[in-house]
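Consider the single chain below, provided in structure tokens and representing the form predicted on its own.
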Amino acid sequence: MSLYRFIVLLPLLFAQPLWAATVTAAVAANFTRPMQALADRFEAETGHQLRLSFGSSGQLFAQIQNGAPFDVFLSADQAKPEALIDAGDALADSRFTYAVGALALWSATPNRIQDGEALLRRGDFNRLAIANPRLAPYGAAAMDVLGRLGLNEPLADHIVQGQNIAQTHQFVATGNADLGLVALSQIIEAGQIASGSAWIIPSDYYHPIRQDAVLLSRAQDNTAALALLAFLRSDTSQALIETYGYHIEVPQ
């Protein structure tokens, strides 16, 4: 679908359709909470039905490559949507950055983290949970942080890996890990850390986590899929996304 056709259709995408369509979205695990909040608004405003599947970006990418029936892919990076475009599995002119993620060191215990960097350097904890860096961009960002601090080797025996950032958060929430490098969106509520204690890691400690959305080729004529992408780019959606600790990049 051309960009021109997409723009022409925009006024129609937000109108209540004469018949409801269904869109199935593959969504990176870090975006679970905001996507669930957005889903209710999307269905109420458009009349379309939204089906969500969450997982690590790497797992979802592999499923798409193997023919999983997704219509839209919300990755936690830019590389995987780009690879799908190169393979002809997604449409280049549909791609955009829907959020820029942030990383935090989190403990489920209040006041456990006073000086996060000093705590990591001391290493006085048993387990540090991170997402699998081969599958999850937030795991790769966690390794960036440890590398910057020179702690890859010193903390190697402390690290436990979750398959995705949701499982990483679960390790800490259940006490199976003392600390975790998690997505800020998982622990923030109304602009505050919802529970436990945390260090919001400076953004220059890791490569920017630019998260791209893309329309998959199989869904180029799916009205609900087009409506979802337009909805994600709306001012109200972007304002909600920012409340979960994400940054929104203004297109140049």
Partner chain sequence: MTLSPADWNALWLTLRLASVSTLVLLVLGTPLAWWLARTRHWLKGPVAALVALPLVLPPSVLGFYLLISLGPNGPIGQLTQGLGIGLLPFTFAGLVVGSVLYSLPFVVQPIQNAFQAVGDRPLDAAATLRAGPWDRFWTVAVPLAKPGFISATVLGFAHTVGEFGVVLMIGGNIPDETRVASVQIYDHVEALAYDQAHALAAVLVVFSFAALATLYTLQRRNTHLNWGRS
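Residue numbers count along the first chain shown, from 1. This is a predicted model, so every value here is computed, not measured.
The same protein also has a form predicted in complex with the partner chain, omitted here; what follows describes it.
Stretch-level contact analysis of 112 to 120, 143 to 151, 162 to 170, 67 to 75 against the partner chain in the predicted complex, using heavy atoms and a 4.5 Å limit, identifies 162 to 170. Remark: residue 97 does not count among the residues lining the partner chain in the predicted complex, judged by a heavy atom distance of 4.5 Å or less. Of the heavy atoms in residue 105, none are within 4.5 Å of the partner chain in the predicted complex.
In the predicted complex, the partner chain stays beyond 4.5 Å of every heavy atom belonging to residue 200. Using a 4.5 angstroms threshold between heavy atoms, residue 59 counts as touching the partner chain in the predicted complex. Contact annotation for 125 to 159: residues with any non-hydrogen atom within 4.5 angstroms of the partner chain in the predicted complex are 126, 127, 132, 134, 135, 159, listed in sequence order.
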